[in-house]
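This document starts with one chain, in the form predicted on its own, laid out as C-alpha cells.
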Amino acid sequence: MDLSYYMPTKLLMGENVVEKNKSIFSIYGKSALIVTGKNSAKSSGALDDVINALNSYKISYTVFDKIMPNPTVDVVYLGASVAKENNCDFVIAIGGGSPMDAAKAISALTKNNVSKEDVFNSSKYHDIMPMIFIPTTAGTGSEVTQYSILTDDKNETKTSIASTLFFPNVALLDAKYMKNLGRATTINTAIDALCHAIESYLSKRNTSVSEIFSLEAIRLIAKEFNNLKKYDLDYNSRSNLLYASSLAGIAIAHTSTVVVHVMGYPLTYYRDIDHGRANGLVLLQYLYKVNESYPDKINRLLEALNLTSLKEFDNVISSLLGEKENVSLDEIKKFASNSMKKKNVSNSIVELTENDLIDMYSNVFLK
C-alpha cells in the first residue's frame, strides 16, 4: 500500500477557544500582523477577542484589513510590505478563505524575495512567518491546507501556490464567529466545503486515510441540508459545518481538488459568481460523469449523503442555490478552453476533454 499523511497544523476547536488558548499567541513573537477583510473580523467578534489576547501578553499588532474577495497578487505584496515596515514576527488571519489564502502569501513574501512573475512558483519559497488562523466561515478549509489561492490576472483565472510551508501553525475554530453570517454566505461556504470533500473522494489521489476525512465531512454537511434550506442554524449546526469544513480541508490537502473547482474558477473570474456557488453549480455534472464509470463509488457517496439518487442530490443543491445565472454558449466555450489548461482536470478519476466540459457547462446553463 502506498500512503502518505501530513497535517502539521495544531487544530483547536470549541466555544471561546481564543480566550482559552490565548497563551499560544505569545509563542510566536512580539509583533503580529492581523490579516483580514473590511468587515467579517470585526462583525464576528473575532478581532476583539484576538486583540484582547494580544494585549494580555503585551504583543503589538498591525491590522491589515485590505483583503478583498478573491485576493489579488498586488494586495498580498502590499501586505508583505506592511509586515516588513512594522517588523512583524508572525501573522494572524481572521476571516474566510480570502483573508486566510492571502495571509499565507503575505507570510511567505515577507520572508522571500520573489518577483510578481514568479509569485505562483512554489519553488521560490524557502521560509515563512508563523501563522495562526481563525476562520469566520465554514467552507474554505484553508486553515488546514498548504494552498494559497489568488486571482491570476495574467491567465484570467484563480491559481494556487502550493507548499508545505503554507500549513498554518495553529487553527482556532469557534462557531460563535459565524452566528451572524447571512444566508447566501452560509450556504455558499457550506457547498464549497461539500465540494472539497466530494472532489477529494473522487480524486485520483484519494487514499484510505483521506477518505476517512472526506466521507465524514460529507455526512456532517448532509445532516444540515434541511437547516441550511430553512436557514435555521444554531451553535451546534454551525459547529458541525465548521468541523466538516476543516475535515474537508484536511482531505484536499492530501488529494487536491478536481475538475469541479477548475470549472468554477472562470465563473468567479469572469462573472463574479461566489466561489462556493460556482462550484456547486457544476458539481452534479462531474458526479453524473463519474457514475458512468464508477457507480459503486457514487453509491457510497449517496450513502454518506443519506440520499437515494444523484437526481435527489441535484434537487437538494438546486434548492439551496436557487435560480441559475444566464451564461451564453460563447462564454461556455471560453470557460471550457480556460479550464482545460488547469492541471486539476487530470486529477479527476474520469478522463475529460474540452468538449466534455462544454457539455457539462451547457447542461447547467443552457437547459
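Small disclaimer: the values here were computed from a predicted structure and weren't measured. The first residue of the sequence shown is number 1, and the count goes up from there.
The same protein also exists as the form predicted in complex with a further copy of the same chain; that form is not shown, yet it is the one meant from here on.
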* **Close approach of Leu11 to a further copy of the same chain in the model of the complex, 4.5 Å, heavy atom** => yes
* Check whether Glu354 has any heavy atom within 4.5 Å of a heavy atom of a further copy of the same chain in the model of the complex, and answer yes or no. => no
* Distance check, Ile212 to a further copy of the same chain in the model of the complex, heavy atom within 4.5 Å -> yes
* Is there a non-hydrogen atom of Asp274 within 4.5 angstroms of a non-hydrogen atom of a further copy of the same chain in the model of the complex? -> no
* Structure fact -> Heavy atom within 4.5 Å of a further copy of the same chain in the model of the complex, from candidates Ser122, Ser256, Asn227, Asn240, belongs to Asn240
* To do: Would you mind picking out the stretch of 284 to 292, 91 to 99, 212 to 220, 195 to 203 that comes within 4.5 angstroms of a further copy of the same chain in the model of the complex, counting non-hydrogen atoms?
  => 212 to 220
